[in-house]
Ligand code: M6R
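Just the one chain here, the form predicted on its own, laid out as structure tokens.
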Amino acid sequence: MCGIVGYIGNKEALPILIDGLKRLEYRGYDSAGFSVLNGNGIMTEKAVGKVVELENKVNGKNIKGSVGIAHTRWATHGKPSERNAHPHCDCEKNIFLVHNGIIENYKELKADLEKLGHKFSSETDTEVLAHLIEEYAKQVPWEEAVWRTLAHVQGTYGIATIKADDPERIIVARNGSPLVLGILEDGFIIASDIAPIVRHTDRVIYLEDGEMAEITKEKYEVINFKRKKVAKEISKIDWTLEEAEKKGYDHFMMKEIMEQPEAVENSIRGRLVVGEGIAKLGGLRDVAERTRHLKRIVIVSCGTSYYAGLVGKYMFEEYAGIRTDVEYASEFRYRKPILDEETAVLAISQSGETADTLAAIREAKNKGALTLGIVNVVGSTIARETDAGVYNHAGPEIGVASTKAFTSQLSILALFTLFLGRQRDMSYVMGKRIAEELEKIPELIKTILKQSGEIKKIAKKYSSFSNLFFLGRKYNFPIAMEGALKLKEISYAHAEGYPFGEMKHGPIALIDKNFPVVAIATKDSVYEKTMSGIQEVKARSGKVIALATKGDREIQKMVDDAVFVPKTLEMLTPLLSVVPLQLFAYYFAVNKSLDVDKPRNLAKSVTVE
């Protein structure tokens, strides 16, 4: 949550900051603000709403300065308002600061500072940081004041701070919230992720937890919390600016839905050896002997990635023969997870920065489990902290509602299944069949995308309904949940995802002519059971939109509307069945004139607990 960007160099800071905020807006868009250093002090502007409101507010103003910080907010403490928007400052308006994270002991700190005479102007937890730095800076240099402040706070933070009477530096630090330093030819740019950086440079440094950097126009110095200098490795960004643009689509979400054939192809490229029926996963090479002897896998993830994990459970247990549990990462460490050396904990996260998932991985490492990761962002914290893992290579995903990252995750889970299964008793014949069918998936997705016009018509037909069920069985039960989540996220309609067999154990009471059902009814091992469930819905006057296998004429006679997907191996069906549900949710929301890329109350990367 929240996006931070800072710049120090020889160019005008404001255009770089505003552009950076726009590229970070998927992290939060309740309010935005910036502070720019010039010869007369610090110029600060804030606005409620999206970054364009801030841009309009300063349009025409002569705001000069080559050093600045900026922030786009996802509200935690205090409602969206100008006074709660970042940057926040101290009493003297000398120290300005932006923050991503949560300061858990801010109430105690605030009370102590108020006793010392500090006056607060916001409801946020962040403001205590500026005042605490101010208090320490009365006795020690600015950088030491920052150190002492961070030593007294509890919680998570990524911060960037500037000081009016020390105008040649930016100080940044992280603990639990990501920060990336981009190295330019004539300065530096700091940001919460690489999105604002990629148009300026492909050379970056990832700060680790417990590190602080002092940055001038000419150099940077990274120091850890033991006050020792840290030599940082320079990494190369593998995304391009073009990949992060809309390319003529109205929304990033539609662009990313349409990119799924390429995203899946990139996820499996070079990793399938079809002739041998195996998966070559270089990221697992160093732990291959440990994975061979695993007796249990625990998948930890949140949101859409959690539903990918549920599909992975079916895959791992049916084809690799490994007991698999799927846990909400947000709950994992708040009980007593039973882990050992024969257990692997697999984290799934698009951003690689999800706070709950990262905390689960750290708990697993403490208990001696092998930790693995499936992440999309190279160099992200989860990628660095797990013992081994596999990158998605799906390219940047900007839309808040995940689409291509999800199908990419399913592809990687299929590769994991092949890898683990062939380490055990999966036959060459079965391995070859899985590999052959997985290789076909990108082309099969293309055939579904060609039906977008028909799906658009169906979505318009049902867009007046406020309640919908999404029902599926076995591999498609998680897809029903994902379909419901997509609709909820971007259209704000009430949608329930349920296993079909559970419908008659209570939820069927809701079925009537005003409660449509989206039924995933592909021809698979539970097809007949699913058809019985559809009959139960129709017997209660429920409308049914069926997602069926191409050529299924029987189902067309039973349902109100149908969308068809090609036939594939049952374990790979989710890669196809989810695509029409993404399109349905997209068109459903667009028909309501909603901003599907920036749904209310949500942010792309959840970096706070």
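Start at 1 with the first residue shown and count on from there. Here the structure is a predicted model, which means the values were calculated and not measured.
The protein also exists as the form predicted together with the ligand; that form is not presented, and the subsequent description refers to it.
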*Among 121 to 129, 486 to 494, 517 to 525, 499 to 507, the region lying within 4.5 Å of the ligand in the predicted complex by heavy atom distance*: 486 to 494
*Mark residue 177 yes when one of its heavy atoms lies within 4.5 Å of a heavy atom of the ligand in the predicted complex, and no otherwise.*
no
*Hey, in the predicted complex, is residue 205 touching the ligand, heavy atoms inside 4.5 Å?*
no
_Interface membership of residue 407, the ligand in the predicted complex, 4.5 Å heavy atom rule_ = no
*Distance check, residue 442 to the ligand in the predicted complex, heavy atom within 4.5 Å*: no
_396, 389, 303, 261 - the one with a heavy atom within 4.5 Å of the ligand in the predicted complex_ = 303
*Just one of 149, 411, 381, 402 has a heavy atom within 4.5 angstroms of the ligand in the predicted complex, so which one?*
402
